[in-house]
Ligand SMILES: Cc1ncc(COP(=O)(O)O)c(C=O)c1O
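One chain comes next, on its own, written as structure tokens: the form predicted on its own.
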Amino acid sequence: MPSPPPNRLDFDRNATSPLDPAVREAMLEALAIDLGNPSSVHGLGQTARRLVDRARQQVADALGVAAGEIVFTSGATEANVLAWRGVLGHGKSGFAAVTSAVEHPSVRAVAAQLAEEGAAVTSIGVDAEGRLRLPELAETLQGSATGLLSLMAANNETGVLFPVATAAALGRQAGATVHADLTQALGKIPVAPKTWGLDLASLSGHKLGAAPGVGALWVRRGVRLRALLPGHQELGQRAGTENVLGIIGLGAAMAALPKRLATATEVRRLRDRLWSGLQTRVSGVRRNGDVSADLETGNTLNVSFADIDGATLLMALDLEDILVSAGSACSSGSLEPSHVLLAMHGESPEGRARARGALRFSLGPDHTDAQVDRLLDLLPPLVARIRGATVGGRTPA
């Protein structure tokens, strides 16, 4: 198996994480077994069924819920879509959903699709620090019959945490089914979907050290969903033969969550070291998102660089084998500023410039002081070079 280049610096852990050693071991052990179809009644099939059931219990134990409430999916995107379409059906007129303006694209996409089909969808704004506007949420929920309230627990671009338990209480009071996307919170803060008052919760394996292509939706007992793929597998919510190897890996990753959580303080220290170094070595940097320790994940640093285009800096870093994420997404050949940062800073020229000049650095349990220091040595000259190229008539991004 090829190893990553020795000089690579991966500061894009909110996008994906390396395979956890415990996950690798669990999947290799499973590969050594002649596995059958988990739905088969013979020995090979039942061996696979036992491994899937064990993983289901591991996921449930990590979340503090019952194993019979876990539906395995291909990832958080599918789990999010199942939550939305499972509650709202096919966008019948009169169905209403409330979400936030800074949700993951998978939620934004299904929300837009359902709105086209007749569902009423309201997006709650955030303030300049990326915090959910709770008064606006409360007012919205009071003013309409909401079928679904769907919010992320932690923002993937800024690391800002949403007050999920408080929002869930408001939602349940209004008679809504409450869903949260836990993807960016798991492994960074303790999560308790049942205690928080949720009905549905999504998660993704590859953010936690599992392999890509597996996730889960927790469905509180008694909550009724309309299946996307009707069939007998996965509580009747997802037909088709289970991704046995992926599910085994997800179970191992969830079982390893306490170990990952134990590194949170050290990850935060390294992230803060990076921010302090950037402030010292690079002029015109501003941080995006609430910096309060109890209101953000501790691993994410979203920074706007004045007079620079974030995508250009990202490409320059990539040429140095440094992996980060830009605050922009490429769509139809044109770069558009991050919807998250525009929701925070507005659509004014200043707000758009701040969004266009943004990069996201996200750290994980295996990062070191030496890696942070190497990034701090390499980044300032790249910023200076790109800023220098804007002299001579080019308009700064």
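Numbering starts at 1 and follows the sequence shown. Computed from a predicted structure; not experimentally measured.
Below, we turn to the form predicted together with the ligand, even though it does not appear here.
- Using a 4.5 angstroms heavy atom cutoff to the ligand in the predicted complex, all of N14, H104 and T183 count as contacting.
- Figure note: of the listed segments 318 to 326, 123 to 131, 258 to 266, 201 to 209, the one touching the ligand in the predicted complex, with heavy atoms no more than 4.5 Å away, is 201 to 209.
- Within this chain, T77 lines the site of the ligand in the predicted complex, having a heavy atom no more than 4.5 Å away.
- Taking the partner from elsewhere, I247 is found to have every heavy atom lying beyond 4.5 Å of the ligand in the predicted complex.
- Proximity of N156 to the ligand in the predicted complex falls within the 4.5 Å heavy atom cutoff.
- In the predicted complex, the ligand lies within 4.5 Å of some heavy atom of M152.
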